[in-house]
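Take a look at this one chain, the form predicted alone, written out in structure tokens.
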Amino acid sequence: MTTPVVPPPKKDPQKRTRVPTRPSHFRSRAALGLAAAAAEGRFMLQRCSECGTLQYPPRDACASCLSADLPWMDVSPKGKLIAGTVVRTSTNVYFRERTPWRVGTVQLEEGPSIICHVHGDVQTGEDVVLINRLDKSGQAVFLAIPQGRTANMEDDPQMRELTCDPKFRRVLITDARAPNALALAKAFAQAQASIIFIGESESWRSYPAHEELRAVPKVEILPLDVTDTGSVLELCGEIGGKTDILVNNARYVRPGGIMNRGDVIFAKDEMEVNFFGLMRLAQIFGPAMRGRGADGQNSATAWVNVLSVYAWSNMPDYGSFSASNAAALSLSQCLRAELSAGGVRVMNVFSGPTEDEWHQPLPPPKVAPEAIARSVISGLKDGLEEVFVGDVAKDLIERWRAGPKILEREMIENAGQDA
């Protein structure tokens, strides 16, 4: 049975911070399909289109008939742990610092046998479920977990290492004024985050959720304006060394495309918050979080960006806002590469139109703040990189995958019809 995680003692400032290390991250191009699936928490393997043989490990040609047509498909993750062992020493520095480490072989119901990491509550001969997760190098690995829920199973050291569970971690939410700030704070409190810092700009101006935010357990409201480099620097100097999860929920949105605006004032504001705000945070908080990627039980673990799904395909009625989110999405990919050395996960949460005053002209369905908050917490607990919230976002990304150019034409034809 898993031993519950307990709140860690205060860190001794005289003790060194453990230098982040990574497990081996070298993979073939075919094997990167596993990482793409793990980014969304999907269990996928290659299945030959010619003979139907399920492939593992990933390969360029079918092991049975040599066909090169091997599409990735969702398959059943159920199987049986047929062998297991415990690694107590390793030549790899990453695993040497984390031993003992359980590994084993699982026979899938679908056929292949897979060598994987093993949850502490699983015994040899038991039925298991394989989950596909990203390790600290950003590559996909399999973890065998019990088919039924066990007590404190999320606290298993190996499972916690492969996810970003907020339990007993310190969180920074960047914008107290955002419509989703209160829901996010409540969700992190329920997830047992140890401290929830919330950035507040222009504290002299009142806003509806102010008193409710203060009433949420473990919340500390601190000055932060993502459009002001000095403000970000000052806050990082105060809490940068103890921020384990950063949630960038700051955004500026106004309806309108290009020609109907007549000027670039709103566009500048959108870029200042949605793009340059992210860049300021990354430049100032990023190095501190990257350096703490292996800082004990409560190391820095995740950076979360709350974005619009129209970052993938422009919605002309909100064309400039869509463009600023597309820029933020591209920047987040750069941030993911730079934080990977510290093992810090970058998770993008893509939402459809939200329940706020600036999306009032659009018809339902819309995304409530509580839905975004739930998705952030579940995405962190599953260690994901991409999360899509709401029917509109999930439908749009499926259409984008089917054909980006076709989706672009659909967005053009629908322009102005939803307003």
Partner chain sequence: MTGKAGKRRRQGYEGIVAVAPASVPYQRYSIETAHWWIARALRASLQQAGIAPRDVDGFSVASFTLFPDTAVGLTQHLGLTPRWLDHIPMGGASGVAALRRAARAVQAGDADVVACVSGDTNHVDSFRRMLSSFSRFAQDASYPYGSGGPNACFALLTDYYMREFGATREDFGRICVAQRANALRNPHAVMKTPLTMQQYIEARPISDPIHLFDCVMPVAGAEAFLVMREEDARAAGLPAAHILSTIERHNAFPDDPIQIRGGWEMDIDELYAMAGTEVKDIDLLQTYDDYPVIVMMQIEDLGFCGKGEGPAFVRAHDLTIDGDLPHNTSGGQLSAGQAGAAGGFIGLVEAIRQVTGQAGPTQVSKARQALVSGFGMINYDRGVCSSAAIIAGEGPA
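Remember, predicted model here, so these are calculated numbers, not experimental data. Residue numbers count along the first chain shown, from 1.
The same protein also has a form predicted in complex with its partner chain, omitted here; what follows describes it.
J.: Is there any non-hydrogen atom of residue 276 lying within 4.5 Å of its partner chain in the predicted bound form?
T.: Residue 276: no contact with its partner chain in the predicted bound form.
J.: Can any non-hydrogen atom of residue 56 be found within 4.5 angstroms of its partner chain in the predicted bound form?
T.: Yes, residue 56 sits close enough to its partner chain in the predicted bound form that at least one of its heavy atoms falls within 4.5 Å.
J.: With a 4.5 Å heavy atom cut-off, would you call residue 72 a contact of its partner chain in the predicted bound form?
T.: Although its partner chain is absent here, residue 72 would stay clear of it in the predicted bound form, with no heavy atoms inside 4.5 Å.
J.: Is residue 116 a contact residue for its partner chain in the predicted bound form, using a 4.5 Å heavy atom cut-off?
T.: Contact with its partner chain, yes.
J.: Since the chain is shown here on its own, which stretch among 360-368, 347-355, 57-65, 376-384 would lie within 4.5 Å of its partner chain in the predicted bound form, judged by heavy atoms?
T.: It is 57-65 that comes within 4.5 Å of the partner.
J.: Scan 142, 252, 197, 285 and let me know which has any heavy atom within 4.5 Å of its partner chain in the predicted bound form.
T.: Among 142, 252, 197, 285, a heavy atom within 4.5 Å of its partner chain in the predicted bound form occurs only for 142.
J.: Could you work out which of 84, 223, 241, 120 is the residue within 4.5 angstroms of its partner chain in the predicted bound form, going by heavy atoms?
T.: Spelling it out, the residue with a heavy atom inside the cut-off is 84.
J.: Quick one: which residues from 81-107 get a non-hydrogen atom within 4.5 Å of its partner chain in the predicted bound form?
T.: Going through 81-107 in order - heavy atoms within 4.5 Å of its partner chain in the predicted bound form - the hits are 82, 83, 84, 85, 86, 87, 88, 89, 90, 91, 92, 95, 101, 103, 104, 105, 107.
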